[in-house]
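Below you'll find only one chain, the form predicted on its own, shown as structure tokens.
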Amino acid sequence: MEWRKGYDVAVVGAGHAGIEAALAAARAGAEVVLFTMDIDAAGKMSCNPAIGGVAKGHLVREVDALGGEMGRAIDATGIQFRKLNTRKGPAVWASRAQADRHRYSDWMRSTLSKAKGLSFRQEEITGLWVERGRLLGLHGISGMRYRANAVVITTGTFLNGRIHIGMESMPAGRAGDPPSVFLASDLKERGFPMGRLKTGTPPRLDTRTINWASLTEQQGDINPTPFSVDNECITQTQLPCHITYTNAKTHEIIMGAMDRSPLYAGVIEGVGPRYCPSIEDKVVRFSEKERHQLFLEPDSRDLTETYPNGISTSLPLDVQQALVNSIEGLEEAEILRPGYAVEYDFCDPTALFPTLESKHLDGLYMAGQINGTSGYEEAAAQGILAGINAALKVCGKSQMIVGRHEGYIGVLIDDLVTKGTKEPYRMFTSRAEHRLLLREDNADLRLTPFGIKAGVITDSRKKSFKRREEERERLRVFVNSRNITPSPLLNDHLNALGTAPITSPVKLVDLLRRPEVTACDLKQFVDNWPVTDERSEVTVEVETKYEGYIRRDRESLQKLLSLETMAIPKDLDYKKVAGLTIEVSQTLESTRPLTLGQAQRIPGVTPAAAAVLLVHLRKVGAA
């Protein structure tokens, strides 16, 4: 039976990828339906109740620049905000916020319920509705068929999920929620290349049973910068986090229970995250370390639950309780919910175009952990791009591709669709070749024009974006054209900053280039300083201090772009390209890169092969 109403875009899954996909498609003007097995669990933070971090904060700001919701949600529901890496260069400055897990989910559900053109359906999707090779929509477990012109699958860890606690295991997408088994079988039967990954979460602790007095307190920043450009400041009261460490006794308890670890007993088949290992992995792989750091993070303003970041585990519950009680400050701590590992299926992302559309089924998009990634931020970044592109495709418009030089979203997606992944993929600043150009502070300058072109930016956001552009330009002109005159107050301030005083008028830009001096330091000594917000001042300041590096990076980028943007015909027969080995031609045939730049990054494509391909493209006139 077919449902009485058809849709432009259907989104499967209401996690962080699905929410951004559904909202983006609706904002682009599509009629959208969002399927989830539990509406009340939409936007749930299954693991760490935090948003942002190194490189992840960049992704959140880029999602915000495209009109996404994650930045606004964490600004409203965060309970601690911190800027990371402030002693390093601006390319790696990163924002992170601890969230009230319940209020964050409430915010997302409220936003979804108010979105124009977006409707919910609480139903498990069991498969794709395909006839004669054409995607028509989805099959629901009720027996209903739902017609949709485009489909975005964002199943997270639910695709054939199974959780492990010690030697006990059960089918689940996360604790207490059933997995999506039928959809996993349907995708396999249709020939989608799939693999199996694993992630985990730590036990949750009763806040009332922790000895806080013996722990090191970590406060948030005094005046944190919001994630979203829609917000000028963070006004809510912040809560502290605390730090403690494992010890020799903790490690002894863990090593003594390795025969009951599903990870080391061979029960778990999926590949886990190398950069966020379980406590069992840490103790085994880094046996020379005497201790491992834990961050005790509040889970909520209202509830008595604490998240012990750093002891993700799938050991049996009795072992979890023993290892927790061996840690300073947690001697009497009670576990509210056990930690566990979850295995799940994922689809090989090299089977996707950079638009996140499937190469095998027109109109099908995938985003989030189904593509082999980890993290809320990576999921949201994929979700918003997939949602925008699904809506653009339905409208017959050109789809959006973000280049590696244009955003971390571009780096993320290019890595996935070009190289694939054998473990849960996590974003790092080191993955970006041009990270000085891809800073947090200029995310809106880089990507909001993409959002405007796609039709997902509101009129009020367009006006504020134009205003910020004008403010930045006025400030650039001001600091480059004005002189500053020495005065006792100015020189006392410069001495206090640890930099030399001035004896004659100097250009404002020259003083701003000094590492110790900020725009905020100078504005109090200069008349008629342009009215700008803090973000604009940071951008101009960074551009001034790192002008030479930025110019060199842009010059290098221009040389690369000629190859990066050189299109490869979609129907190119690689077997007929003289000089390519059989192995390389097969690799290119399976991956189907869109540009020469993408082809060069495919594992197994040598510089010599890329040169052969370049010659062929020029010969046939494609270049």
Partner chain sequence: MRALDDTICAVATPPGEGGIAIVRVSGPRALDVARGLLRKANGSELSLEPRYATLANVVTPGNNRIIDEVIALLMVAPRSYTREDVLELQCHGGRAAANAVLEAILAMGIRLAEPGEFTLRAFLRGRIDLIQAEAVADIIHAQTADSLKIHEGLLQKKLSEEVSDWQRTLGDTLVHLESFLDFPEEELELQSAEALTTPLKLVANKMKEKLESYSWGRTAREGFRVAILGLPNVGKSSLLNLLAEEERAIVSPVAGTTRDTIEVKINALGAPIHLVDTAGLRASADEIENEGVIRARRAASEAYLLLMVFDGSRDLTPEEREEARTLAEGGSFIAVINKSDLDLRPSIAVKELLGYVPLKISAISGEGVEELLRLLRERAWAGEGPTSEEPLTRLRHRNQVAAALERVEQGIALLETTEYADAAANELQSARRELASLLGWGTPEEIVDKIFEEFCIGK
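Numbering follows the first chain given and starts at 1. Please read all numbers here as calculations on a predicted model, not as lab measurements.
The discussion below concerns the form predicted together with its partner chain, not included here.
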request  = Consider residue 176 of the chain shown here, and say whether it contacts its partner chain in the predicted complex, taking contact as heavy atoms within 4.5 Å.
outcome  = no
query = Taking the shortest heavy atom distance, is residue 400 within 4.5 Å of its partner chain in the predicted complex?
reply = no
query = Wondering, does residue 158 line up within 4.5 Å of its partner chain in the predicted complex on heavy atoms?
reply = no
inquiry  = Can you tell me if residue 344 lies within 4.5 angstroms of its partner chain in the predicted complex, counting non-hydrogen atoms only?
reply    = no
remark   = As a check of understanding, the residue in 414, 553, 537, 305 with any heavy atom within 4.5 Å of its partner chain in the predicted complex should be identified as 553
inquiry  = Looking at 572, 41, 580, 596 here, can you tell me which has any non-hydrogen atom within 4.5 angstroms of its partner chain in the predicted complex?
reply    = 580
Partner-facing stretch of 292-300, 110-118, 246-254, 490-498, counted where any non-hydrogen atom is within 4.5 angstroms of its partner chain in the predicted complex = 292-300
request  = Scan 64-97 and note down the residues that get a heavy atom within 4.5 Å of its partner chain in the predicted complex; none is a fine answer too.
outcome  = 84, 85, 87, 88, 89, 90, 91, 92
